[in-house]
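First, one chain by itself in structure tokens, the form predicted alone.
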């Protein structure tokens, strides 16, 4: 697999010694005699003399059976064979590969490469008289099995999801896209963690300028550790204060593969069960694999409901506040009488009432997310019912406000992209305040600001609300509505700014 690295090790240019004892002592000093770093010495016989071989690996990161059966046992068998038959063949770093049974062998020359190999789950072989080492693939740490995605669930679609193992994730993509143009490049990021990151793209589809830009961004990251895709996302985003996600994450291999075929780039981080999709657009946040798995009419209906849910989740509380505070003449008379009766007992103005209820819903949402599964669901459902009923009985909130807040919460749950919910939360509160200050004009001002902001955003040079602005008629085949699959055979070409 091709690779490019940005390692900052102090031993990057330090060559290995031809004496195994010197390398052995130096590595022991570097690892401070850590008990999980195993040093195994093996003596082999050649030309009636002995040659020392040193194997170094990390216990827990290697497959012990693989090391014993494919590396140690063949070396010991060869040593006994030569001792018994007085074989005079000389062993070198080049022909020792014919003795061991590793499926991936590469030569390394520096101390830094040895250290990174040991800490990455490989077995390093040093041989007396040679300043070159062999890196033998023996990775075998414990990992979670492939399971159904927990966030991006679908009724009709595949049930496999990405895991924390980068090699499993790349294999799942390879299994779905059997094309030699699928390129997987690997690099390490993090001066302390040296986390493996895979850059995945279709060579014959992906824009070359985009690919160069992403590679430059990855290579320029300087940080001690990378543990999740969110780290790279924050380095990549161009507008740090925007509430809208400028990159998309997914835990579904089928969604990642579909985006690869559209010319996007997928970034996989070792240890993270979600991958990054680059670039992204605003309309992608409302799309789900289920839209394409279902028939044309059903897929469009579901997508329209998501846009309605987005509008409800951002604007319904502010519309209620504006109507009650400024535009009561727009409320039907029968409904206005009932609202007046329920609001007469509430001591707070509508804006305070709305903010209190919204904060309560957010607290319940966070509590249910952080608690264990069964307890969290109980807290979310029972807590909302009990607190809502108690608030109405105590005249802290009106029944109409409880209904508005409940519908708002439901509207925010229909979006398939979880990070979009953070944007909804950050937009909702300023919009409530603007509605309480200026009425309907405040809502219009806020939405004008949002639209202007969306038009100014870009994701790696691609307009965020494309194909709406700038207009690209071919791209309208898959935005708010999607065309039938026969018309989507060729993906619309996206234009950079």
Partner chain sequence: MYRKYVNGEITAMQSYIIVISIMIGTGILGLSRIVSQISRQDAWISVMINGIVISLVMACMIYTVRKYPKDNFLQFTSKILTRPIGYLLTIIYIAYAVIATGIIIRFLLEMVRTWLLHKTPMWVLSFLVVITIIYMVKNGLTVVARFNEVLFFTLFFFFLLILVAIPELELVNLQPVGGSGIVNILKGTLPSFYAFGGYEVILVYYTYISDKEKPILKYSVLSVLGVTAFYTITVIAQIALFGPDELERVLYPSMNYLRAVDFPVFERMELFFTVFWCFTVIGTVGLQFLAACILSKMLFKTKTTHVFTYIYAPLIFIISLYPKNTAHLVELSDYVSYLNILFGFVLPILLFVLTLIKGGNKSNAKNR
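Just so you know, these numbers come straight off a predicted model, no measurement behind them. Numbering follows the first chain given and starts at 1.
Omitted from view is the form predicted in complex with the partner chain, to which the following refers.
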Can any non-hydrogen atom of residue 445 be found within 4.5 angstroms of the partner chain in the model of the complex? yes
Contact flag, residue 460 vs the partner chain in the model of the complex, heavy atom cut 4.5 Å: yes
Give a yes or no for residue 438: in the model of the complex, does one of its heavy atoms lie within 4.5 Å of a heavy atom belonging to the partner chain? yes
Is the gap between residue 465 and the partner chain in the model of the complex 4.5 Å or less for some heavy atom pair? yes
Within 4.5 Å of the partner chain in the model of the complex, counting heavy atoms only, one of 322-330, 399-407, 128-136, 190-198 shows up; tell me which. 322-330
Tell me, which of 65, 34, 43, 456 has a heavy atom within 4.5 angstroms of the partner chain in the model of the complex? 456
Of 209, 90, 148, 338, which residue is found within 4.5 angstroms of the partner chain in the model of the complex when only non-hydrogen atoms are counted? 209
Within 4.5 Å of the partner chain in the model of the complex: residues from 462-477 (heavy atom criterion): 462, 463, 465, 468, 469, 470, 471, 473, 476
